[in-house]
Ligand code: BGC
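Single chain ahead, written as structure tokens, the form predicted alone.
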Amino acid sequence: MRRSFLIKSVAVGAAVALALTGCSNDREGTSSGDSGSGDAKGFAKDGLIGVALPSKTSENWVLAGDLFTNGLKEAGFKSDVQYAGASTTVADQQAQITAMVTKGAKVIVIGATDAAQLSTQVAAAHQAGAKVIAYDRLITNTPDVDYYIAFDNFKVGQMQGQALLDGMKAKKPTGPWTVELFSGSPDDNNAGVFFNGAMDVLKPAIDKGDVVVGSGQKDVKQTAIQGWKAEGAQSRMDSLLNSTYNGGKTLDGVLSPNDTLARAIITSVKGAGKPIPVVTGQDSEVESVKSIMAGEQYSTINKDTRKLVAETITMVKSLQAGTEPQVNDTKSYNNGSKVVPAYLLPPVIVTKATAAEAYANDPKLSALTK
């Protein structure tokens, strides 16, 4: 049975520190909450649906926008699908959500640029009668979120931590193994969830001395990569190699939270003329799947965006019809203000050995495993 922990993005650093110093495998939230937000009265079948996504930092965000545009149209809705700009601020998304409210959107789906800075906008959406669905990233510190839909991101982190251990043991059967830790952008609520999930697996090995963080950098402020930017990960890896691995010290593995950062880390290691360590990832990006099949990146996580968008549109259809959308977790996702009813999809770990099976139903990715 799952346990749960409270997510507050303003306290991600503290949460990660707890993960390192005495963490449990707690998830977000400690109590069950309401199963929705008020009564569902439905709306016209051609109602406007707003979709506010972050900047195009990964292939999956680009794909999500296209899928929402086409899928909502096929379902008979009008849609307004927007991406935040490349800026590291949340101002673009705040303005886009405000505009969607003004246009009369009946449902607003939000992949948050900054989970903690949208409370004013979602409150305005609720006041206008719109439902709010947090997509992929939980929106924090506001009661004005009706539903959360995502893959099980704590499980993603656990899978990454286990893959790191498995990959290192396959290359070197006995430890200790020397690793470095990377985490995602501090303004992304998921970054702390991934990291906590990974540390749920790695911390016991660190405590036993089987895994050693070579640089000693375990704090989220040290491991975080602002904006999930590849250049930030490459720069940090360059610095780690120069400061910690400039002699004969061997780097056995790197915990990378996604594929974009994984490839940047590998580029840094190759540029330094070092052996490529075991590197984890997430998102099943094309170039990373190629890298896995070439024996460079060790693993990724398959979170099929097609399924996530399809389930979100199913949720929108339920709201249009005036019925409660299906959820499968009403206890775990406390955003600091309420327990948000959630629908979670299962992630899938992918290595070279499992890629063909994992991508069997994805024509593009399946072709890369031949």
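Residues carry their position along the shown sequence, with the first being 1. Not measured: the values here are computed from a predicted model.
One more form of this protein should be noted, the form predicted in complex with beta-D-glucopyranose (BGC), which is absent from this view; the next part is about it.
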(request) For the three residues 61, 190 and 228, verify that every one has a non-hydrogen atom within 4.5 Å of beta-D-glucopyranose (BGC) in the model of the complex; reply yes or no. (result) yes
(request) Could you tell me which stretch in 122-130, 169-177, 279-287, 74-82 has residues with non-hydrogen atoms within 4.5 Å of beta-D-glucopyranose (BGC) in the model of the complex? (result) 279-287
(request) Sort through 337, 318, 330, 57 and report the residue having a heavy atom within 4.5 Å of beta-D-glucopyranose (BGC) in the model of the complex. (result) 57
(request) Answer with one of 236, 137, 106, 263: the residue that has a non-hydrogen atom within 4.5 Å of beta-D-glucopyranose (BGC) in the model of the complex. (result) 137
(request) Find out whether any non-hydrogen atom of residue 196 is located within 4.5 angstroms of beta-D-glucopyranose (BGC) in the model of the complex, and reply yes or no. (result) no
(request) Evaluate residue 256 for contact with beta-D-glucopyranose (BGC) in the model of the complex, applying a 4.5 angstroms cut-off between non-hydrogen atoms, and reply yes or no. (result) no
